[in-house]
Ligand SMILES: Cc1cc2nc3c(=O)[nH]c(=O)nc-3n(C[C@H](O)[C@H](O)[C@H](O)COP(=O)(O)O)c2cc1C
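Only one chain is given next, in structure tokens, and it is the form predicted on its own.
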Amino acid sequence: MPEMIEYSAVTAVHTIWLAARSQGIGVGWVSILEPAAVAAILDVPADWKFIAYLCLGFPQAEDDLPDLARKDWEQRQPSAVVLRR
């Protein structure tokens, strides 16, 4: 199952995220990048797949509300909308 490499990469990101947060380090998964443009900038082989672009650092402030919601970019959906049976 060749796609398992992608799942492994995402699991690694999840593990990094948990470890970082346990140390007070914030993590942001940037999702507005164009994978082909990133591949061209980094000059990676054509068969590489862009999985994640992460920002890690100590946050200026802690907040329970995600930044996207605070800035009215995107609001959380009710769990009934996201979780379908």
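Start at 1 with the first residue shown and count on from there. Just so we're on the same page, rigid core means the largest C-alpha set that superposes within 1.5 Å between forms. These numbers come from a predicted model, not from an experiment.
There is another form of the same protein, the form predicted in complex with the named molecule; it is not shown, and what comes next is about it.
- The contact with the named molecule in the model of the complex, taken as any heavy atom within 4.5 Å, belongs to 30 out of 37, 44, 30, 56.
- Using a 4.5 angstroms limit between non-hydrogen atoms, residue 70 touches the named molecule in the model of the complex.
- After superposition on the rigid core, displacement of the C-alpha of residue 67 between this form and the one not shown amounts to 2 Å or more.
- If you fit the rigid core between this form and the one not shown, you'll see the Cα of residue 76 move by 2 angstroms or more.
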